[in-house]
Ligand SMILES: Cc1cc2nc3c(=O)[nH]c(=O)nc-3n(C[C@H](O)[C@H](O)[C@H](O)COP(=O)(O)O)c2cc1C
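Form predicted on its own, single chain, as structure tokens, below.
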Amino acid sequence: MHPVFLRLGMTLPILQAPIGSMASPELAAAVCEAGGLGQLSFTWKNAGQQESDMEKMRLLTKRNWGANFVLDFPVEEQLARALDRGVGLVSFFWGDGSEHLPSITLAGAVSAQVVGTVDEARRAADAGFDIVVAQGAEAGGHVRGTMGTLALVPQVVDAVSPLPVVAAGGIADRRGVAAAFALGAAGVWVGTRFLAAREADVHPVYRDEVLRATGDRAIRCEAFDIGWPAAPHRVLVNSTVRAWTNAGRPRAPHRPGEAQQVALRPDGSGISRYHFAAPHSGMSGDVEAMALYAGEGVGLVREVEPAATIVADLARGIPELAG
């Protein structure tokens, strides 16, 4: 296993992707306790929510864990709080996080940059990141590039060697893990499979849709752009996507049901159709109509399991553990 993972105290090179609000402290901690590395997404958390999550992590695991930040939004305060609490890994998505490297290095944390192109990977390596995450277009959620995992990962490996490359996108079982290592990856970054983890904070309706879906139902589009415009993403086709597609995929504000409120957050605030929020367990209303993020590997996700079971199954694809 690569020394950077050993530095984090990992026993398996398996990283749980920061799947937005569905990545609960219970999920992230369970992945850490199973030998991988769990992550929380702090981009949209206020100070109280972030402090609560970090305190839960302190109580649930003594292992290192990760914090993810999306750079289309201001993250300076959230990043500072995470570093103050001694987070082990800081990962950045949708933008160049290199300006934050000095503070990460000073705090003794490991840095990771998610990329969607070979050029982005080279820039991350030149900037001094510890890990490059190569996200193929099969990935669920917001998708940085257009190249598939099979083509992207080996090209990134060749471009940034000897820097460790973590493969992301379409990896949902041990076969995907084995393929990633065959491409030269040092580890894997898995999101969609963990939507079916027992510890994930996923609304039951969303989880049922994931368990029923096949990979061809996970499409790349820009439908759910309210709150995060011009950011392509991969979601399951649902009632909102079908109505929008049948109307010819018009742009805002001419989409079907544009002004409708489809769901409520736990605090009672409304969520409009086409908002980028995904449904977690505290939401109510027509959550099926919300953004149901999932990657093309969703057809391999068939049952709800403890996170530790998922990690153990993925680990069977690691070459030195296979068999």
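Note that the coordinates shown come from a computational prediction; the quantities given were computed from them, not determined experimentally. Throughout, we count residues from 1 along the sequence that is shown.
There is another form of the same protein, the form predicted in complex with the named molecule; it is not shown, and what comes next is about it.
Checking a candidate spot here: are G36, N64 and G88 all in contact with the named molecule in the predicted complex (at least one heavy atom each within 4.5 Å)? Not a single listed residue reaches the named molecule in the predicted complex, so no.
Taking the named molecule as it sits in the predicted complex, is G187 near enough to touch it, meaning that at least one heavy atom pair lies within 4.5 angstroms? It does not: once the named molecule is placed as it appears in the predicted complex, G187 has no heavy atom within 4.5 Å of it.
Do P18 and the named molecule share at least one heavy atom pair within 4.5 Å in the predicted complex? Taking the distances in the predicted complex, the answer for P18 is yes, it comes within 4.5 Å of the named molecule.
Would D130 sit within 4.5 Å of the named molecule in the predicted complex, counting heavy atoms only? Outside the cut-off, so no.
Does G141 reach the named molecule in the predicted complex, with heavy atoms at most 4.5 Å apart? Although the named molecule is absent here, G141 would touch it in the predicted complex, with heavy atoms inside 4.5 Å.
Can you pick out, from A112, A168, V165, A121, the residue that has a heavy atom within 4.5 Å of the named molecule in the predicted complex? The option sitting close enough to the partner is A168.
Scan V177, L152, L195, A82 and let me know which has any heavy atom within 4.5 Å of the named molecule in the predicted complex. Only one option qualifies, and that one is L195.
Using a 4.5 Å heavy atom cut-off, indicate which stretch of 280-288, 260-268, 53-61, 37-45 touches the named molecule in the predicted complex. So the stretch in question is 37-45.
Between 204-227 and the named molecule in the predicted complex, list the residues on our side with a heavy atom within 4.5 Å. Heavy-atom contacts to the named molecule in the predicted complex: only Y206.
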